[in-house]
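One chain comes next, on its own, written out as structure tokens in the form predicted on its own.
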């Protein structure tokens, strides 16, 4: 089982949570963990590895000085939070947990020599390497779409930051009665309920400021997580299912898959050939493992990195762990919470190798929250075990639709508090 913070403190003493030792104070031959990627998975591994073990040297290779959380970023679109609210630095990892943070890009793995090469020409030695590069986007899955268009007037905004702000500006400045198209990708992709949360938050803003506008969700799937909850809320708030609905959803079984973008005409073409013009087009592309995983051969010709389902060691090299969105870890969904659980388990695996302790059998959880509005929240919890040589889903508990406004508001409060607590857990 995964240790919680209280268990760790019992094992190693209350001082274990503040182990920012100067690097010179460690033994010269201290074993080295190098982590490529300072997102949720990588940062969680650095923090919890230090909590478990004060002797290991931890290096995080991450080119960006700050990290912007994707969980909660849809709320930027309706002015509930700002990008600054979601932005954190690596100062706590450095100063409290004693991790070395190299602000360069990892470019190559020397598997035989146990080194990572960086864009600045460094050769960073490791005993264990963990790779958490997140996903990259398959722009070519939609003919006519491209990374350049995504950085301009057709943002996907699936990586929180400038594109989030661009999408916000585009739809909030749309003409009266304008149309927003959201193209939702096929599974698997980061944060399954987020396209529908996005539509809901946009609709809430438009209802106040542009009440004749419309949002059309064109989906590459025949259904989606929390569908009953969202449709129930949309019926109540936005006339869903009527001729004058502000939100309309079209699944893949009804021709909802977007196959092509005509940027000059501001038009998408669906699988059945229908041309739909819109004022704002938000294409969320399909995903695959981050570029670093491909460049270093970790994907072994697949879209995601194959891993050992017990300990997340890559199939290419047993000294390399792969976690988070990049890992092929079905039936686990791709969420930040899952990445943090994988990180905590990998920390226990490495600590076990250093100390001779048996890490036991893993139990992973996914606690996912979503909102339809500031008065309506949803939760789902999945638990996973390692059994019979593979990862299996043990149980899924999902919040069913409710017409109790107090319960719905309570769930929304839980979702907001969960997001704040999760950010603190990873980066504080």
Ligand SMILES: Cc1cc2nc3c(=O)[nH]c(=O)nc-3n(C[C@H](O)[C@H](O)[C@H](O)COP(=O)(O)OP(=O)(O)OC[C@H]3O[C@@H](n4cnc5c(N)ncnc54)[C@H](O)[C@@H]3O)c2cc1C
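These numbers were taken from a predicted model, which means no experiment stands behind them. Positions refer to the first chain, counted from 1.
Keep in mind the form predicted in complex with this ligand is missing from the figure; the text below concerns it.
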If we test each of 269, 191, 250, 332 for a heavy atom within 4.5 Å of this ligand in the model of the complex, the one that passes is 191
Residue among 155, 256, 336, 185 with a heavy atom within 4.5 Å of this ligand in the model of the complex
336
Taking heavy atoms and a 4.5 Å cut-off, does residue 198 contact this ligand in the model of the complex?
yes
Taking heavy atoms and a 4.5 Å cut-off, does residue 71 contact this ligand in the model of the complex?
yes
With the partner left out of view, is residue 105 within 4.5 angstroms of this ligand in the model of the complex by any non-hydrogen atom?
yes
Given that this ligand is not shown alongside this chain, does residue 126 nevertheless sit within 4.5 Å of it in the model of the complex, heavy atom to heavy atom?
no
Using a 4.5 Å heavy atom cut-off, which of 173-181, 319-327, 138-146, 228-236 contacts this ligand in the model of the complex?
319-327
Partner contacts in the model of the complex for 57-78 (non-hydrogen atom within 4.5 angstroms of this ligand):
61, 62, 63, 64, 67, 70, 71, 73, 74
